[in-house]
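The chain that follows stands alone, in the form predicted alone, written as structure tokens.
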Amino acid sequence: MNTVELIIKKRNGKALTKDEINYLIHSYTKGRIPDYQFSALLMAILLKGMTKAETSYLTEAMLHSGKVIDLSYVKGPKIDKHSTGGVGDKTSLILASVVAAAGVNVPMISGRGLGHTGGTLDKLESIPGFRTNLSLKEYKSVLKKCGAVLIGQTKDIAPADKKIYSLRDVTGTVESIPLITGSIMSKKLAEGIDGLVLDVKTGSGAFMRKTKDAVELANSLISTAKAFNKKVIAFITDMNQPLGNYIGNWLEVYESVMVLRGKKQGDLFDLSMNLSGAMIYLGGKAGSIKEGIEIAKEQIDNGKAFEKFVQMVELQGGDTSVILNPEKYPASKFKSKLKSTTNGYVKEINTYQLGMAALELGAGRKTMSDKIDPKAGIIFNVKLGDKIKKGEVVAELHSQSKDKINIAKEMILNAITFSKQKTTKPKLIKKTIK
């Protein structure tokens, strides 16, 4: 096959065949197609799109560029969740424990922070000793022992995705829905799952800011999952404000522990229960999502979900003493309270800006070589629609640097818009797609 001819074919808006896509993915992964040619192909895909069939072929080629994990020896259903990312989104830590406690296996391969959004791996690694780089043998062992495991992408899992994603990141081709679908689904299918629950975010803190784009992505992911005979449910959820109140790696682990202990309600609890309920339903342990939600809540109430989280932390090398006694965790050198300068109702929150403020404090990376401060972050006390008085504490900032706190304070104040009139609270789950 001729690579240039295939680039031209896609540039002209024609569909590529399964053999042509297999050739392109296999050759690029093996280093036979140079970056400059594959960049041209990625741009052609971004501009001209792909059919459902092409997207399925792309996913399959990326999936089979590495190992597909065989979990047939693990008894019972295996269901995972994928979120497209947001600020304060720590549901994976909660639902993995809840769903495993309900008798459904959760084999989860997660990612790191990307831009303004936090990553599950970075959160887990804020727990001293916690290992996210397990071998496939260790991954299977932890899953068999406790029913849940959370690791990062290994060199054996969809290596084509790792290489293509790095190129997309620097060629302006991240936003392509077929490419996003191939990236997500190749990794998820490689886990050996039976079903998948999707949490597609929309709003100021999401990659898909418009609801119609989030729905389009959800439909693409669903179509691809069904092409591989996987059970799937998608939720379109709000990201016009942070999920929960804590932003930053250890702070988000702490809030997750509070939810698992039954000490915290609110939007984070509600979304975690909905996602858990859908996973329990797909895993055949409930007759409906609603029944699944009730089972999920039972795992919080009877303490089994928290016990499961402690077990998983221990099996992956983490120090369980900070989970059992979170107040023992080292504190940031500097803490500062940010107070409201006005009276009014919270009308808008620029969630992207809040994520960037947390990154400024040290909770994320500005460059690949940056080291994350696990203690850094924001406790954000307000929600859309809240009535705020002048002088009321809006946020508490944690950092090792006073200068960074001063910069972040300004960013947070500029991220909140107040109104004199009462404002409405957004709907957390905008749409459910099956």
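Numbering starts at 1 and follows the sequence shown. Since we're looking at a predicted model, the values are computed, not measured.
The next section is about a form of this same protein that is not shown, the form predicted together with another copy of the chain.
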> Does any heavy atom of residue 175 come within 4.5 Å of a heavy atom of another copy of the chain in the predicted complex?
Replying inline: yes
>> Check residue 39 for me: does it contact another copy of the chain in the predicted complex (non-hydrogen atoms, 4.5 angstroms)?
In response: yes
> Is residue 350 close enough to touch another copy of the chain in the predicted complex, meaning at least one heavy atom pair within 4.5 Å?
Replying inline: no
>> My question is simply whether residue 167 lines the interface with another copy of the chain in the predicted complex - judged by any non-hydrogen atom within 4.5 Å.
In response: yes
>> Within 4.5 angstroms, counting heavy atoms, which one of the listed stretches 393 to 401, 58 to 66, 45 to 53, 376 to 384 is next to another copy of the chain in the predicted complex?
In response: 45 to 53
> Of these, 219, 171, 240, 211, which has a heavy atom no more than 4.5 Å from another copy of the chain in the predicted complex?
Replying inline: 171
> Going through 4 to 22 from first to last, which residues have a non-hydrogen atom within 4.5 Å of another copy of the chain in the predicted complex?
Replying inline: 4, 7, 8, 11
